[in-house]
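Structure 1 and structure 2, given next as structure tokens, are two forms of the same protein chain, each shown alone.
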Structure 1
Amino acid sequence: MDPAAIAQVIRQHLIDPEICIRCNTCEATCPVNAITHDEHNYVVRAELCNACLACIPPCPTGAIDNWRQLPLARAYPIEEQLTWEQLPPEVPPQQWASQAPQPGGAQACSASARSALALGPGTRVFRATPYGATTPPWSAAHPYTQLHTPASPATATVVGNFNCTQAGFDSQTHHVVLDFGRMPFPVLEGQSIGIIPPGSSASGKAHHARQYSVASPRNGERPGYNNLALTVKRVTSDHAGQPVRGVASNYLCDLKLGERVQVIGPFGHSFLMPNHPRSHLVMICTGTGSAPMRAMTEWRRRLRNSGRFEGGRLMLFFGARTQQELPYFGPLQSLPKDFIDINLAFSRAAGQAKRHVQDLMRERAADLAALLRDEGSHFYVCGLRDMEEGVVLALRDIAQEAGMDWNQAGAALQREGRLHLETY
């Protein structure tokens, strides 16, 4: 293959045909009509997809969140994707040169898609997505996924539901506890579940499932019980600030104890925590992005209390508009200082300068540089979609200012499942 063609590397967006439930949500969501389907598969056109990620949150199964790093000339055309029974494995860079170009592959990527997805030096706009790992840490426990589908959802009972932000303020985030009784629903920290709201949309279609990260550790919100917790923000305005009543979030926040909920999943096979002793967790989140961080922190706390685990370092960067909007502010304060290093950033606190998580990260550059050098460190980013670029850019700058080669360090984090991005 032409070396110049190999040099142009993209992250191609693919849909996993083994997981996809053909619900059409992504096709209806994509603003540029990059998604299409036949009676066999849902597929993404590389020449149209600009990696805007608008299709990721509405997908109830996570099937859509698949990316393959490969040379531009090797991009999979939709004719081939439509025939797939399963996703092709990631081709290691050493084998790229021996791969024949796909018919239509090189032509398949538009200039906008190329600039949006291009990796490495020379990229004008910094994009964080390519640095996110699609593999779990080597010591992660094996997750169960897709045990319950929309055709056969599990039913859970609400056993807890309270506002976990300061009462009396407009913004509300609820801590919702769901109990599965005797129905198997095993989850790991970092996984998510899907909630199917009852009823139908204005167009008469049944509501599609919405995803929520699990906020409790693997052995339950209450250890030994078959239950889990969610951290749900009540959506009362859309991203543009216009008043809107979010379907699933309001349904969940209004649930009464004893009510029953339809649940699908679990989802997620890579945003998982390491289990080997002395592995470090750097958790960077905003708002409800704290849910998986709460799960991981609580699991490490239980391990530490059991005295059986020599835990590594835990560092948390947590952002919200104000302290009153920060979920779990009270419980966070009671965690021992020698257990977790907590850094809070408020962007709208009265009388204070605006601070975002990436500002705090830059202030803690010396500690983060040491963690970036340590192969036991794992980085997790979760929360609002627009935080992602700023956070990964801060990591890049911290690495470079400490004399590290970011191209090598960033690629190693991605390859070894040590940098995980989940924003929505």
Structure 2
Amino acid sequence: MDPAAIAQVIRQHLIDPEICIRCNTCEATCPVNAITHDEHNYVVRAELCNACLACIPPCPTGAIDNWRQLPLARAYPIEEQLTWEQLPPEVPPQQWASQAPQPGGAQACSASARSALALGPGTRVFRATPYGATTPPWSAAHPYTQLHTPASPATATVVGNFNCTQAGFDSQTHHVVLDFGRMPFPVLEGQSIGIIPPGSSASGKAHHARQYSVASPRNGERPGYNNLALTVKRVTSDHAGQPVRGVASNYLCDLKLGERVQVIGPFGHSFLMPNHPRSHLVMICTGTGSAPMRAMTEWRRRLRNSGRFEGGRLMLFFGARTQQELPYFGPLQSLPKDFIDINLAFSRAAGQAKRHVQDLMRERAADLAALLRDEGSHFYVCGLRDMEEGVVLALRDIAQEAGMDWNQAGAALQREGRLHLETY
């Protein structure tokens, strides 16, 4: 064994498979592509991780924040991490020498692996992630998190389940309402929950929880009832268009009224809405990313109807492939125009040029520039990961064309919890 490798001690970054809900936030956030996954676990490549901690704040469960001190030669390889059901215990230094080296561990780090990530000379890639806030707005309500874990899930009853996209098309998105009865399950707009599908995978392992944003406001889908709603798209193909049956999405979409569901959470402590009067919301989403936007909009609508809100602008930029695939299209049309400014983008509408949410944002540059100047404005982005860079680039360009210093404006949005990114 290489004495130098034994002498070099590292803090290996590991993800707890018992708590992780496989939301992909860590992999999407990691700036050096050190995080990967298979159908069971999310893992960290020790030879690539530089301990920058960028993935720590966005993780909704805290599963990402685990470390083991050990010799470099004994670092856990990803092949072993992918098989874990739980984290290994900490090994005291006195036992380091008695353990066999880990095949394929960090000592196998190659120069080619690092160079594969290197950019060419002069190449500059815009990354939206650094602008995303990890703190909530100063006036947000206090969130409760992780009240129910995989070891002690809550049980909810299905009290509503219907397709909220236009009927007669292959694409289906369901509005699922879960009631918790007398079990306390407090949530805020912008938080999420985990659903544990019953049964096991082909390898015999129990299904892990899948995360869904809450689509109803804090006082319930039906005010005064202890319930909440989810927006669930039935998954029938993967990102490459190949047929695949989503385990949790099909389970939820097929649920009948009265059936019982295992739930963990709530999760999320920063993607929260402001409570102070006259604060503005700019909501940018695609597909089921509309769930937290629906929750925020409905809470503001209830406040306005009760006379407990002084106003504050709401702008919605909502994208889908077609109108038929847009969740809640009908209810959106019934919202008063003096309450919310709705902008819809369709990328596959027959006979029309492709339009994405960032295209609409650039068309509304004058309005967004005014909101970027207003310290009461809060921006929320939720949906497919591909949209994130385009949306933040649009905000940057709008700010610069309006004469603002984006370095200052973007930093202020991040620092003050006024730009939140949640993509998958």
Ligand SMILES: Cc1cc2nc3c(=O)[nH]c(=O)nc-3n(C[C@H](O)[C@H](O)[C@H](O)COP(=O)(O)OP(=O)(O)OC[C@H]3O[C@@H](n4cnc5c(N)ncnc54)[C@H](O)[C@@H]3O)c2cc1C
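Numbers given to residues start at 1 and step along the sequence of structure 1. If you superpose the two forms and keep the largest set of C-alpha atoms that fall within 1.5 Å, you have the rigid core. No experiment lies behind these values; they were computed from the predicted model shown.
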Notebook entry, point to check: Which one here is the form predicted in complex with this ligand?
Noted result: 1
Item checked: Rigid core fit then residue 76 CA moved by 2 Å or more between structures 1 and 2 -> yes
Next item on the list: Could you tell me whether the Cα atom of residue 386 shifts by at least 2 Å between structures 1 and 2 after core superposition?
Entry: no
Note to self: Once both forms sit on the same rigid core, is the C-alpha displacement of residue 179 at or above 2 Å between structures 1 and 2?
What the structure shows: no
Check: Hey, core superposed, how many Å does residue 15 shift at the CA between structures 1 and 2?
Finding: 6.4
Notebook entry, point to check: How many angstrom apart are the two C-alpha positions of residue 66 between structures 1 and 2, if you fit on the rigid core?
Noted result: 11.3
